[in-house]
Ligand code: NAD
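Shown below, as structure tokens, is a lone chain in the form predicted alone; questions about how it binds or moves come after it.
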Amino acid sequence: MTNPLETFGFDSTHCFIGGQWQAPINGETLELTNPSTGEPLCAIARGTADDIDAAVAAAQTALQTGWGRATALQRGRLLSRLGQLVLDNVDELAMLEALDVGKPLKQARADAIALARYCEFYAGAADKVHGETLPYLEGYTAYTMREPHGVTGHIVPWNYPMQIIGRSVGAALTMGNACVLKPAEEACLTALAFAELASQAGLPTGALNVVPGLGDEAGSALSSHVGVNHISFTGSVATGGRVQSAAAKWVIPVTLELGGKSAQVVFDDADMEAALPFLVNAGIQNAGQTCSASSRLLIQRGAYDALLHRLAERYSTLQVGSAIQDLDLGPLISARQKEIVSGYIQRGNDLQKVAEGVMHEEAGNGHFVVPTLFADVPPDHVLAQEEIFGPVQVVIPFDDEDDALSIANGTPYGLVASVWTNDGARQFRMAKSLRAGQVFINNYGAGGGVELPFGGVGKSGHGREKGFEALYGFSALKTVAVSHG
């Protein structure tokens, strides 16, 4: 197999700062592991606060020079070129992501295409973010305009590096910010490849800087840096709280996209044939390592037994194997994550385990966990309350709308929810009453929805990414009032 790193020509042990690949100041590296095999994959830079300082300084310089003077049209054209370069390298990016994260190749390829789509969407939006004229007092003309925050910090997790880079860095660049990106230490290769492609696209020096490293070192330094004007963080609730606390010292605005315990609510009158693949796939995609995974399936009692039987049948056919085998599920990201998820499954020993998937005979020694389905789960059980971040789904019966809403809204999270029913009035009632940042009716995820604002309430975070809302979040609104008599 050709090493996909060779395609892009960068040294994975380097940071990308000020338009240059350079070794971390301390000269240290970290070892990446291939989740599909448990064996070493390559070494990456162990960036620290010194490298973050250099990256922030490079971003500040970019704002004062070429990038800061670029028009919206010019920014859009650069992003358009970057999107095309991503498309030109889709297969190589997919292979990097598959090796790094462990997700099946088809899912990694979909992520690379999504990254290109983010670039395309924001390229087209760059010159379409408008201010307003405001009716005001006689003798005044008042209007608003949107300006970049300045230097934006982006702390990206390991589960969907390309997609999350696209929706956060893409939006920030569109609005004229200069970005410092700290990818997760577990999976950062596509972040580095993206920096190389951005350079090839002609992105001005310092507009995008990438510093790999540990969260407690490089990530902490970025979230607490006095020179950063906005932070975007995607990850766990605990880490998100620390990021927000660190940024608060300098009163830096923070966008947090955190965990979830999302529910799909299935009423008796739903189209079960249409619902079935969504009910399963939304829970096991990327081995369940998805913040918006539907880990809770709420089924009305009239349809409960028949649908549970079909869910169990589908689960029994799911195959787990290496990313390259391109099956239904790949491995978990690390041995530690496997231990955590396996622990949750053990805590379900008091529940009814109705089905689980199968391990492919040639899967190897990666960090594999078979998908597991539990039924008749009490809504207050730990498996129905805590984010597992693995291929574990619980099925919960309910009686009526009020009961469904009580269960669906009965966790600290509020990221995504889905409702399956053919009753039009019920669709609107449920959508209004569900506590979630996104609600899908008779679908789940709406095909990825680059255009659809995404974010949560409660412990799922605050602020919105994707769509035009992300552009508003990565800019500050300025009001101008002109007195002209």
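For every residue, the number given is its place in the sequence shown, counted from 1. Source: prediction; values computed, not measured.
Omitted here: the form predicted together with this ligand. The next part is about that form.
Here the chain stands by itself, but in the predicted bound form one stretch of 257 to 265, 100 to 108, 77 to 85, 297 to 305, 257 to 265, has heavy atoms within 4.5 Å of this ligand. When contacts are judged by a 4.5 Å heavy atom cut-off, Pro183 counts as touching this ligand in the predicted bound form. Within this chain, His230 is remote from the site of this ligand in the predicted bound form, having no heavy atom within 4.5 Å. When this ligand is considered in the predicted bound form, Phe454 lines it closely, a heavy atom lying within 4.5 Å. Contact check for Arg242: a non-hydrogen atom falls within 4.5 Å of this ligand in the predicted bound form.
None of Ile252, Ile164, Val369, Leu197 but one reaches within 4.5 angstroms of this ligand in the predicted bound form through a heavy atom, and that residue is Ile164.
For the options Val280, Val320, Ala191, Cys291, the one in contact with this ligand in the predicted bound form, meaning a heavy atom within 4.5 Å, is Cys291. Across the proposed site, Asp216, Ser220 and Phe389 without exception bring a heavy atom within 4.5 Å of this ligand in the predicted bound form. Interface residues of 157 to 177, taken as those with a heavy atom within 4.5 Å of this ligand in the predicted bound form (partner not displayed): Pro157, Trp158, Asn159, Ile164, Arg167, in sequence order.
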